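Listed next as structure tokens is one chain, alone, in the form predicted on its own.
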């Protein structure tokens, strides 16, 4: 039945479904997973890197984590070329707001404006939805630390802990069990690594397969910090999800 209604994003099926949007969400299910956790003193983002070849030239750029503005960052799951377009759009919108009002753009307003763009690609013919989901982490003076998740349909929602990408259902149920409201940033890092170690397809967790970023306030300023591979290796050992022997091999 679906075959008659899945050729265009603008056609509803008799059950009221937009199949192309659902297929875009399926594409995200095959991507490397990412987890975001809101803590009392920051937001933690952890992502699984899919490209880990020894021949790959390591650069300053990352595969999963991106800084949008000084107070907002995001983790990505899905088609990276689609994500790059949306990230650049978000950066421009954030800078325009700062230029116009001389203050950082509120996090939810930035997320909503980006989701409006995504929604437009589900409503007009000749376009396909962006095959990418985001976890947005940020801080503003109105609501403090915030974590939002958005999908290809243009929907977004605020979360205390969320997972996107491969095995996100299993990760979400683990987060639901272990998350507590008064969790600190260090505990959130431990929880994210523990959940990712149990839901990742890979057998062993190493710093080459992960990216970890944090948004926190230090000396009255919002900081975005990406964890170095050396620090990440120490965190993995400390949280007990990898063995010392695995690091030396």
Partner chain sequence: MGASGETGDRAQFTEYIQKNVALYQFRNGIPLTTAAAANFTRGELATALRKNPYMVNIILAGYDKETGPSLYFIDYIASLHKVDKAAFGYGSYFALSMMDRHYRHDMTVEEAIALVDKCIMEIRSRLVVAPPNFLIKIVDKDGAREYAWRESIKDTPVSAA
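Residue numbers count along the first chain shown, from 1. As the structure is a computational prediction, the values presented were derived from the model and not from experiment.
As for the form predicted together with the partner chain, it is not shown, yet the points below apply to it.
Shown alone here, residue 142 lies within 4.5 Å of the partner chain in the predicted complex, counting heavy atoms only. Although the partner is absent here, residue 124 sits far enough away that none of its heavy atoms falls within 4.5 Å of the partner chain in the predicted complex. Among residues of the shown chain, residue 179 is not one whose heavy atoms approach the partner chain to within 4.5 Å in the predicted complex. The closest heavy atom approach of residue 109 to the partner chain in the predicted complex falls within 4.5 Å.
With the partner omitted here, the stretch from 167-175, 98-106, 77-85, 129-137 that lies within 4.5 Å of the partner chain by heavy atoms in the predicted complex is 98-106.
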